[in-house]
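Read the single chain below, which is given as structure tokens and is the form predicted on its own.
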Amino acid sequence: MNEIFSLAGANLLSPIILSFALGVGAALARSDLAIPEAVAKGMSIYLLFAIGFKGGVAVSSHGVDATMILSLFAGLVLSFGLPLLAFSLLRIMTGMTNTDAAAVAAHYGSISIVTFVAGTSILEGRMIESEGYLVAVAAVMEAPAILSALWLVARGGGGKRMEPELLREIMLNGSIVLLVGAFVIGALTGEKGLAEISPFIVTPFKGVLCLFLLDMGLIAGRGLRNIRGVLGAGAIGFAILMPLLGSIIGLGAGLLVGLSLGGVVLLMVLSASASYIAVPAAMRVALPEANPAIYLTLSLGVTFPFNLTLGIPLYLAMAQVAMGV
């Protein structure tokens, strides 16, 4: 337990977490601090490209093997299955409508790529290696949860169908296309390609991530400021319980697949995270009647900071105990 709190304390004092905290504090204090939308979108594009490219390079160096294929399959199953658990918990713990519960559930089956990057940074700081192809697993886990949410609504009589146009829009979501595309480029060009653009995607990466998390903190703070009357104790409890349950399921999947310690931790992080980029965009199209104040506040305002501060250190400790290291 002391190890968890020690790691959490060190994590809290990192520039990444402090940047997020600055954003939250500024928003709660009603400061006029703001990141222009075009700049925020540019940073998002940069981070996705850098993450995907470096993951592709890692696969180029590592090669395709059975563990990689099993990891991709595990990510697919997790993304389809976790929303079903989330939906059941929401129906038990809250008074949400089927549509709102399904929309929230989709966020908890998909992933937060920034939480994934934060987990990677913590592992690097502790000299723990992980499989580079987990970036591909992250990409695989982006979309299936959205399809699960639409099925949940259709089953409940919401009348939503997975029409070809909607399916196409989900699969061609910009974040998915960029992440997968950059991954392919990295895999094709390998270490030589990385060396050519290293000053662009390696050196500035953490600085850009700090600014991006500052913007995320501003958004989360505004959501928390308006939380009164929208969410009850049950919903807040869900936003903390669900990542814990997701991490345990991810732990089991990682052990079954045969990932390294770092790989298991990152699969736990993916399973515990909640989307706040790809899924909200899809929900605005697929389930426009769902309340964005609910799913954005839970995923970005509660689960995201929980994972950044306490969750990731806890998942690492759990993996170490389970693997006896």
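Throughout, we count residues from 1 along the sequence that is shown. Source: prediction; values computed, not measured.
Unshown form predicted in complex with another copy of the chain; subsequent notes refer to it.
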Of 233-241, 174-182, 77-85, 143-151, the segment with heavy atoms within 4.5 Å of another copy of the chain in the model of the complex is residues 174-182
Checking a candidate spot here: are 31, 188 and 200 all in contact with another copy of the chain in the model of the complex (at least one heavy atom each within 4.5 Å)? yes
Does any part of residue 129 reach within 4.5 Å of another copy of the chain in the model of the complex? Heavy atoms only, please. no
Non-hydrogen atom contact residue 207 with another copy of the chain in the model of the complex at 4.5 angstroms: yes
Is there a heavy atom of residue 309 no more than 4.5 Å from a heavy atom of another copy of the chain in the model of the complex? no
Contact between residue 70 and another copy of the chain in the model of the complex at 4.5 Å, heavy atoms? no
Residues of stretch 27-45 in contact with another copy of the chain in the model of the complex (4.5 Å, non-hydrogen atom): 29, 30, 31, 32, 33, 34, 35, 36, 38, 39, 41, 42, 45
